[in-house]
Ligand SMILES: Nc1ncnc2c1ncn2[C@@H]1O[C@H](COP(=O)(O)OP(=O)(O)O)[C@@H](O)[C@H]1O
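Next up: just one chain, as structure tokens, the form predicted alone.
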């Protein structure tokens, strides 16, 4: 579904991504693991078009989307939940969801508010609450739910567990697993190794803008020395 080949991205004269290549299969959860500053967020921003790559190719489905504008990439079915969440704080939960609504896509289940409230029960109990009066965990749930209202074929999640209480992280893990069961393909950037490996099928480790290892989650769990070398875990 997503094929990234030799992607390079600069911020001014700083060469941030230095030849990223990765693939995400339909229905898969791939986690991009790395420390702060490794290039995880820049990778996702390059995929969604918020940062323009300087070289390389991004194929989404059958279409090459390298250099396209973010709104065009979103309409093609690539969803994005930024680390900052960026919900509309002066709108209610229901109004935030309506902002994200796009028509259903052939071959994919259509997301509705009621389906999302089954996925995130907390949101169902605060439909008229303003986004600015929600906790960080509730805002993260709302950000994901709003993106799902666009019926994406693949969703990019940037640090979904960052700054959340352990019980909310656990709820987030259950929700992402449920999204996968319902046909959502997911690429998430994370540095929380425990959270990521409990929900992902495969991992790609990034250091200094380069992919330094890819493999299955069982292979990662089975090799403590590898985990320590890659992540200090």
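Residue numbers count along the first chain shown, from 1. Everything numeric in this text was worked out from a predicted model, so none of it was measured.
We do not show the form predicted in complex with this ligand, though everything after this point is about it.
- Exactly one of the stretches 195-203, 57-65, 40-48, 178-186 approaches this ligand in the model of the complex with heavy atoms within 4.5 Å, and it is 40-48.
- In the model of the complex, this ligand sits within 4.5 Å of a heavy atom belonging to residue 35.
- The closest non-hydrogen atom of residue 83 lies within 4.5 Å of this ligand in the model of the complex.
- This ligand in the model of the complex is not approached by residue 211, whose heavy atoms all lie more than 4.5 angstroms from it.
- Taking the partner from the other structure, this ligand in the model of the complex has no heavy atom within 4.5 Å of any heavy atom of residue 24.
- Interface residues of 1-29, taken as those with a heavy atom within 4.5 Å of this ligand in the model of the complex (partner not displayed): 11, 16, in sequence order.
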